[in-house]
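Only one chain comes next, encoded as structure tokens, the form predicted alone.
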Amino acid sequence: MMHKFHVNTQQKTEIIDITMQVQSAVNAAQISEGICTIYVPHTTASVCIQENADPNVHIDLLNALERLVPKDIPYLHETERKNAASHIKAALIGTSQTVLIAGGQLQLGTYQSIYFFEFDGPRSARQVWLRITG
């Protein structure tokens, strides 16, 4: 079963917890055992499973990515948005994740949540696509 939802972002770079939306889609699909693939159909956004207990982890991740891929160096891809660094960051994090489903629940670790990573915001109606199979 395919399910889609939108994410609105408010900042140039940010990390948004989408775990509840994904679990809601699993609930609606009424799949008790299976898998959920989370896919972001964008070239400047990503999806990642990461720690949910300490918000400093997200700050550290964004800061580390900025150090690895600074936005203020010359890139060949120079559109009006000047978003070459955003494309590179999205490529590093990736556009999909797969989570097991058991007992109708996403099987995430104690400190894990599913996050949408924005690298070229703010944007409205960013898409998240889910394929839920059981």
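Predicted model only: the values in this text are computed from it and were never measured. Heads up: residue numbers just count along the shown sequence, starting at 1.
Another form, the form predicted in complex with another copy of the chain, is not on view; read the next lines as being about it.
A.B. asks: Residue-level question: is residue 6 within 4.5 Å of another copy of the chain in the predicted bound form, judged on heavy atoms?
C.D. replies: It does not: once another copy of the chain is placed as it appears in the predicted bound form, residue 6 has no heavy atom within 4.5 Å of it.
A.B. asks: With the partner left out here, check for me: in the predicted bound form, does some heavy atom of residue 33 sit within 4.5 Å of another copy of the chain?
C.D. replies: Yes, residue 33 lies within 4.5 Å of another copy of the chain in the predicted bound form.
A.B. asks: Though only this chain appears here, would residue 81 touch another copy of the chain in the predicted bound form if you measure heavy atom gaps against 4.5 Å?
C.D. replies: No.
A.B. asks: Under a 4.5 Å heavy atom criterion, is residue 92 part of the interface with another copy of the chain in the predicted bound form?
C.D. replies: Looking in the predicted bound form, residue contacts with another copy of the chain include residue 92, since a heavy atom lies within 4.5 Å.
A.B. asks: Though the partner is not shown here, which residues of 63-99 have a heavy atom within 4.5 Å of another copy of the chain in the predicted bound form?
C.D. replies: The stretch 63-99, when checked against another copy of the chain in the predicted bound form, contributes 64, 65, 67, 68, 69, 70, 73, 75, 76, 77, 84, 87, 88, 90, 91, 92, 93, 95, 96, 97, 98, 99 at the 4.5 Å heavy-atom cut-off.
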